[in-house]
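What follows is one chain in structure tokens, specifically the form predicted alone.
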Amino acid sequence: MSDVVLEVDHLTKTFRIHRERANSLKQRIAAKGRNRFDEFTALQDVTFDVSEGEVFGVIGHNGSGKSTLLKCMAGILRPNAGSVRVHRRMSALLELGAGFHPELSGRENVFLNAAILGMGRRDIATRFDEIVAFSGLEKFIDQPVKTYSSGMYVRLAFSVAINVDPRLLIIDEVLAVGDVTFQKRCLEKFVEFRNDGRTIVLVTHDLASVRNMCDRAVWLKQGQVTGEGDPKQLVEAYTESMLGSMQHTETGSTRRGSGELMINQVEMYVGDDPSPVMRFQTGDDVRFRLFYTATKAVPRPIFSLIIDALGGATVSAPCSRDVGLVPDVVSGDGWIDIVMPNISLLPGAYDVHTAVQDFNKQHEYDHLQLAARFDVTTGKPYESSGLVTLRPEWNFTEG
């Protein structure tokens, strides 16, 4: 991995943002031919190298300069200063299908697009069946692409781009194209590329992909390199930075139910620390405290806590009835503690919902949707994928 295949050297890219454009001859004369504009620096003095056989990640929030950097690497944009040097045959998976002609058939577009990406006609003919088989569009390959669905269009474009035999592959957020079967095929292709010693540059918001797939990474912030090196450490620092800038004062919660017994607030604590937290680590001893108010005596209520991955599936939904904790009656104010020792949640953002029902779960006193939101950061055990750890024990035996 000593040969450098991609060099980004003191790269700077700026854009002009026009504040007031002259749209008529009169306006041009009044402005003396000048348009007023501001200079926006998208990239400033960015430098890094990518070695042959590496999987190199680029991370950063929206507006950090990732897309501009990617287009400079692909030769779509020219830098104002500095340079990008590519020493291997490159394929850039950016705007898939940008070279497709809607009136031409899938077959004709394969030859056209592959030629744009640098393949000779004989090579394209040799690989044609492989490209079409990868896309799974054999039955439609002689139909005009204007009749394709958006998913079919992207699958064919992706198949062409990934099968032009590049030694350097630049990928922009395209790991999730197509259906589950096609995504699996793409992932297998990336693994094949990596095992074959090819170089991959991955520009993505998917931090799990960076942790799992990349050998090195760079972190862009406001157009500048904030960090470079081990992807796990870089992702952790990036996550901490992003979480530190988030505010949890507004959760956008909604409520339903008859209202005799309601959850007013949810707080979380780590260990014996009396100060509530909104963030903790995998493996911490965490206590969820549900503060309630009953406007009248409520017999045998049951309380539930629901934890969802942010925008995803329910991870856990403990209920007081399941453990035999059912008070005869509840009135006034109080709280309930739910202790989760050595918590199994893996790094990510999670939502908390609460519910209070009668013993038979037929009547709902209160349901507070999005009562709280919390973040989990890396702790022990360390695992890079999934929602929870099952704390596996690994053993390796030779022969």
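Just so you know, these numbers come straight off a predicted model, no measurement behind them. Heads up: residue numbers just count along the shown sequence, starting at 1.
Not on display, but discussed next: the form predicted in complex with a small molecule.
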So in the predicted complex, does any heavy atom of V352 sit within 4.5 Å of the small molecule? no
Distance check, L346 to the small molecule in the predicted complex, heavy atom within 4.5 Å: no
Given that the small molecule is not shown alongside this chain, does G65 nevertheless sit within 4.5 Å of it in the predicted complex, heavy atom to heavy atom? yes
Is there a heavy atom of P102 no more than 4.5 Å from a heavy atom of the small molecule in the predicted complex? no
Answer key: of V330, V55, A42, A371, within 4.5 Å of the small molecule in the predicted complex (heavy atoms) is A42
Heavy atom within 4.5 Å of the small molecule in the predicted complex - residue from P299, G120, G259, G151: P299
